[in-house]
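Shown next as structure tokens: one chain only, the form predicted alone.
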């Protein structure tokens, strides 16, 4: 009996050999990543004539060392007695560790790097020796932003995008309610309504650009039904004569932003519709029946019984729609490139334009715009997360 107990305890003892081997490999990888592997070393090792040629091999070497470091870290952890005794609690975090590590390296670190660049004047280039050529300027970029009318135009357009984009949530809900029924052919209708979401944003932008064309677009054809007629000219050929010329939506500074938003909201409605269709499948039939017994129907049933059960879907729809509105870029780049005269710029596109577009070389200024956009998004998302937490706490 005592032998069994001893054997059971030994199963959970720390494996010293495993810890030592994993720790040595981990320490060696970390040391090489921090102090050894750099573009200068790789340039000398491979014999590159220019240091810039060593940047890609350096990246892959560092990635390999990072993966080895992660594997050795896992090796160390699985040899510890704590892991052996709490495997069910610790194992999920080990599976998440690689994803979290890459999220840290490729999302969190670049965010803070971009914020740091916003306090510099930098043209995005390194000198011949691979040394960063930026210059610390403090809050200068933000002072320039404050006085830049194009920045305020972009910010105003972002707010317009945000307000009008939110229409996708209620429209998606009502379409989902319409499609949430069992009739012949309803799957075909669902597919047709969902189709815009699977189309690339660039393709959507091109479709609407052609539709808005005042000469041969769909808008021009519909406009002709009401304001145009075919007449014979002096040569004897039929030409179209319009009492009111069709509008050039993308060529009008006052209308272009709204035309782009209409194009962007089309696939967003499809996304919200899918979220609500999924949520409607989980609505409790018992609560529906109880509401019917209490006399609830129509709007009362929707407001008091259905919508409270759709809160998770509504939360996701609002968050994704807010993010989509604030980071809008594809549509503007495809349809107007910020024109006419910068009237359709938003912060994301203006940032790109200043860093690598027409204002190429203003990486510090572009980073300042990106920082402002990030802070705006952070405020909105933090607010929605806080509201969701409060609702969960009250519900619990």
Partner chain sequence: MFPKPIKSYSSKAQLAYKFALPIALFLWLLPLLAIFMTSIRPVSDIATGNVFGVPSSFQLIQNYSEVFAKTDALRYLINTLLIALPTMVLSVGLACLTGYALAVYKFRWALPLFFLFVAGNFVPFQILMLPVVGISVKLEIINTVPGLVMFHAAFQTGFCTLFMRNFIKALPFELIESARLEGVGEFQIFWHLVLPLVKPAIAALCVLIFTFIWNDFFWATVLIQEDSSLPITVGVRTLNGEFVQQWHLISAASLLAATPPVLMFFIMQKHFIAGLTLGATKG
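Between two forms, the rigid core is defined as the largest C-alpha subset superposing within 1.5 Å. As the structure is a prediction and not an experimental result, all values here were calculated from the model. Residue numbers count along the first chain shown, from 1.
Beyond what is shown, the protein has a form predicted in complex with the partner chain; the following relates to that form.
A.B. asks: Which residue, 290, 100, 131, 163, is the contact with the partner chain in the predicted bound form, using a 4.5 Å heavy atom cutoff?
C.D. replies: Looking at 290, 100, 131, 163 one by one, just 100 meets the 4.5 Å heavy-atom criterion.
A.B. asks: Counting non-hydrogen atoms within 4.5 angstroms of the partner chain in the predicted bound form, say which of 125, 107, 139, 241 makes the cut.
C.D. replies: Result of the distance check: 107.
A.B. asks: Considering the partner chain in the predicted bound form, find the one stretch among 274-282, 153-161, 253-261, 131-139 with heavy atoms no farther than 4.5 Å from it.
C.D. replies: Contact-bearing stretch, as computed: 274-282.
A.B. asks: Tell me, yes or no, whether residue 34 is in contact with the partner chain in the predicted bound form, where a contact means a heavy atom of each within 4.5 Å.
C.D. replies: Outside the cut-off, so no.
A.B. asks: Quick check on residue 247: any heavy atom within 4.5 Å of the partner chain in the predicted bound form?
C.D. replies: Outside the cut-off, so no.
A.B. asks: Any of the heavy atoms of residue 189 lying within 4.5 Å of the partner chain in the predicted bound form?
C.D. replies: Yes.
A.B. asks: Is it the case that residue 83, even though its partner is missing from this view, gets within 4.5 Å of the partner chain in the predicted bound form, heavy atoms only?
C.D. replies: Contact with the partner chain, yes.
A.B. asks: Looking at the partner chain in the predicted bound form, which residues in 153-180 have at least one heavy atom within 4.5 Å of it?
C.D. replies: Heavy-atom contacts within 4.5 Å come from 175, 177, 178, 179, 180.
A.B. asks: Can we say the CA of residue 292 moves by at least 2 Å between this form and the one not shown when the core is superposed?
C.D. replies: No, the C-alpha moves less than 2 Å.
A.B. asks: Against the rigid core, is the Cα displacement of residue 70 between this form and the one not shown at least 2 Å?
C.D. replies: Yes, shifts by 2 Å or more.
A.B. asks: Aligning on the core only, does the CA of residue 254 end up 2 angstroms or more away between this form and the one not shown?
C.D. replies: No, residue 254 moves less than 2 Å.
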